[in-house]
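A lone chain, given as structure tokens: the form predicted on its own.
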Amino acid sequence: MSRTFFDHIPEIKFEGPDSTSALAFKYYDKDKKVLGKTMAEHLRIAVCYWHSFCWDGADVFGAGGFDRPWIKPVTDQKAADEKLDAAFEFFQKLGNPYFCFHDVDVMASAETPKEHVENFANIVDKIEAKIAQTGVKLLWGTANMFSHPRYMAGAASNPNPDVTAFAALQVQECLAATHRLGGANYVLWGGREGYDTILNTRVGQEMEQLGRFFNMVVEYKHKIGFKGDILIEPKPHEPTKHQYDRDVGTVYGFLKAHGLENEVKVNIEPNHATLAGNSFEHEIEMANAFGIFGSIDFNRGDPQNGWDTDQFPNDLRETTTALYYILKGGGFKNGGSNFDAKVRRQSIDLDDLFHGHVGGMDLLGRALENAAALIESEKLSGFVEARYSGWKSGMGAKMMDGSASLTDMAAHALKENNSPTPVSGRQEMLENIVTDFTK
């Protein structure tokens, strides 16, 4: 029989902006229609297993201070089962339609390859039963190939092929399980696919290893008939000094180099974007431009800390613009909004898990309505359309369709014989428009 952990928490419900309850949705109304779809259909919200049910509050300076009744000193099968009970009880109380996991998040610990396969298979059977019982679906699965000491020099990019073989086993089992569980995507995050010093690294060889490994994953996806997307999650550094998947632009170049640009998309995280020196909306628009937008791990960093703090998002303006560009790009297809976020180390109560997620879901609901209103107003898109209108006819159109050469363009300039006059980009006006729609 399942053990319960959140009996004191009622089911989280939508009560509207006037509600005074700290554990009620004020803006996230899953059934409310926005641009022809419900909020739930637009946002596809997921809760992550690792931060919410595996983290004990430890950081690099101190031991964990969380008293989570499902976290045991040794991750045995009973502990894995209780963690599963806690997770699905939480999902049902919160009302999120999806969840995400790493293989080692859900299973009893294992050292040998055979132990890994057996322990993971045991828990996958139980996850399948929980999905059937509750209706909560899997947004994506992934294999953890960065925590164990065997991966200290990387997984697919490791100088030891035996380590890469272990990684291949993990990915094979986790991708097959994701397929079996009805997962919509499979994520490859190369937490240690990079280097700490070039002095001991063959960068070219490691990138070739990584490219071949990703091709193997895609080959296996098609072999088993998995219809979801394979996603790479960009991050510039941490824990390594440099990672090969540092941002969306870098990932796209890598995919092109290895013939994967039509097979693999990206899972974008705001905190990773800012660590790379980019804005969140920049990474989304780059992915849209390259045709590789897949999914989002919603969180935020703290500029005063400077590392990947994985805090729950709370910036309404940033989230509004992010959802604006997601909607402009066609919205989520297989992807969704996963909260790759954790409560703060001093937020030690079980209730704090709910406060973090309720606030994040409300933020997304509010930002979704703002973004939809921006789209319907056409104030931003109309300005941008007018700004680039010259490329739809004349020499601009000929350049873009390939019918004009460099000499043709140069001759056009000589024929017109004028110095083009700059036109205002109206940045301040556009920023004011976004402010007007951030409510």
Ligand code: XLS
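Start at 1 with the first residue shown and count on from there. Keep in mind that this is a model prediction, so the values were computed, not measured.
There is another form of the same protein, the form predicted together with ligand XLS; it is not shown, and what comes next is about it.
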**Message:** Just to confirm the contact call: exactly one of 231 to 239, 85 to 93, 249 to 257, 147 to 155 touches ligand XLS in the predicted complex at a 4.5 Å heavy atom cutoff, so which is it?
**Reply:** 231 to 239
**Prompt:** Looking at ligand XLS in the predicted complex, is some heavy atom of each of 192, 193 and 245 within 4.5 Å of it?
**Reply:** no
**Message:** Which residue, 308, 261, 285, 128, is the contact with ligand XLS in the predicted complex, using a 4.5 Å heavy atom cutoff?
**Reply:** 308
**Asked** Among 102, 300, 265, 342, which has at least one heavy atom within 4.5 Å of ligand XLS in the predicted complex?
**Response** 102
**Prompt:** How about residue 293: is it within 4.5 Å of ligand XLS in the predicted complex, going by heavy atoms?
**Reply:** no
**Request:** Answer for residue 50 alone: is it within 4.5 Å of ligand XLS in the predicted complex, judged on heavy atom distances?
**Result:** yes
**Asked** Going by a heavy atom distance of 4.5 Å, is residue 142 a contact of ligand XLS in the predicted complex?
**Response** yes
**Heavy atom within 4.5 Å of ligand XLS in the predicted complex - qualifying residues of 268 to 297** = 269, 272, 297
